[in-house]
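Next up: just one chain, as structure tokens, the form predicted on its own.
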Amino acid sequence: MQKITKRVLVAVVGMAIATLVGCGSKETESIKIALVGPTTGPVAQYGDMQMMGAKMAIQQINAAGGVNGQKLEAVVMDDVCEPKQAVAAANKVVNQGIKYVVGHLCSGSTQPASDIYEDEGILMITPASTSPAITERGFKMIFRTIGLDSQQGPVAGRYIANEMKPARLAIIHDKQQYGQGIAGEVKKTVESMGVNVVLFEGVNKDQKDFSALITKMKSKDVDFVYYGGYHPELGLILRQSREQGFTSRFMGPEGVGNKDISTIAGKASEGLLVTLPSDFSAVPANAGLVAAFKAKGEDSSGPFVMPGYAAVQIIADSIKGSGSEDPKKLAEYMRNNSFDTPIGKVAYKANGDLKEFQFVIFNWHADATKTAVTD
């Protein structure tokens, strides 16, 4: 009888300990956020920007006690800015049971990945994808902390028409969803304002020789060029244009506005016009955050850094505000509330687009610095 009593007592104590341990692990279990974008490949620098911002947000939120006593945990995945790799990464997110995604970067990757997230009830916030098509499908789980090509394109188009006033404009794009999409928005805007578009043509991703294109632009007496796409191709176009005596001025979107374009194009990058989000690192309210980046040897001025930070912050604030970790409840909370973030006050439309976002035109310099032309 005594032995039995001891066994029962040991069993009861063991169950109690297990229960306490279980409760403790629940309290300390991390909240995983997948950070998905290119960490390798030709546009990895942009992926580094959004990762840098998101990781800083996670670090600072955790240092302040986390979210409801739980730490945030970054799970980094590389999609190489390729649609097939993006789908593979999205499936990894699903298989690992991760509920929240900050990413992807390239619109052509974000679109197929977002199909999976929507179907699986995973909340996604992209800090970089600007294609309107991503949020035109009536999805409920897909959001941004960046503006749209349909906003950025007209900003560029109006500046071209009102300030540059070209007689013969060429619009070139890289045939991808992002590049061709924003080029189309620019074309629509400038033509509505009477600008003569003499060439609207695509080049291939990873193309190296642009002699035929440059010859064609010279033959058509093009006096201004808009390029929709990313910096690797435009950098080569700029350099080869100057080498072949084609000196017309160029303009491009945020996909070309990084230091590597100066590395590729050299002096030919001087005077390139670029549309970018506002320089959030210059906002006085962000001084402390900028200092935190600087202390880590990081540059917070990249266009996707602060949007990456804001995306994580919004997820954390929505978990607190909704009192739930259910992504669907977070999505509902996000649509019905606003958030004070490093990119300003964020409020969402029903489709997950921002109600307000501003693009600014910068003059790019060969030393990879930039000067605002508009504000």
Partner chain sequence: MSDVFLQFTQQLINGLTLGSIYALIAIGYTMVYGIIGMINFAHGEIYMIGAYISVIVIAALGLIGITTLPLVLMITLLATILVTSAYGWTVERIAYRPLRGGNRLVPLISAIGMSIFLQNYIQLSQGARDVATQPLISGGWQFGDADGFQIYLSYMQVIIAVVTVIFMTLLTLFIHKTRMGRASRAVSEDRKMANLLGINTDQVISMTFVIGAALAAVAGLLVGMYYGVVNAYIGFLAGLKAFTAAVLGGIGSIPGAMLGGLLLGITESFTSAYLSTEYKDVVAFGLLVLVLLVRPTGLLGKPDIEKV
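A quick note: this is a predicted structure, and the numbers were derived from the prediction, not measured. Residue numbers count along the first chain shown, from 1.
We do not show the form predicted together with the partner chain, though everything after this point is about it.
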property	result
Sole residue of Thr263, Ser248, Asn91, Ser192 within 4.5 Å of the partner chain in the predicted bound form, by heavy atom	Thr263
Of Lys165, Lys216, Lys71, Lys140, the one that lies within 4.5 Å of the partner chain in the predicted bound form (heavy atoms)	Lys216
Which of 310-318, 340-348, 42-50, 63-71 sits within 4.5 Å of the partner chain in the predicted bound form, heavy atom basis	42-50
Contact flag, Asn204 vs the partner chain in the predicted bound form, heavy atom cut 4.5 Å	yes
Gln240: touches the partner chain in the predicted bound form, heavy atom cutoff 4.5 angstroms	yes
Touches the partner chain in the predicted bound form: His173 (any heavy atom, 4.5 Å)	yes
Partner proximity in the predicted bound form: Ala212 to the partner chain, non-hydrogen atom cutoff 4.5 Å	yes
4.5 Å heavy atom contact with the partner chain in the predicted bound form for all of Lys208, Pro232 and Gln244	yes
Heavy atom within 4.5 Å of the partner chain in the predicted bound form - qualifying residues of 269-299	none
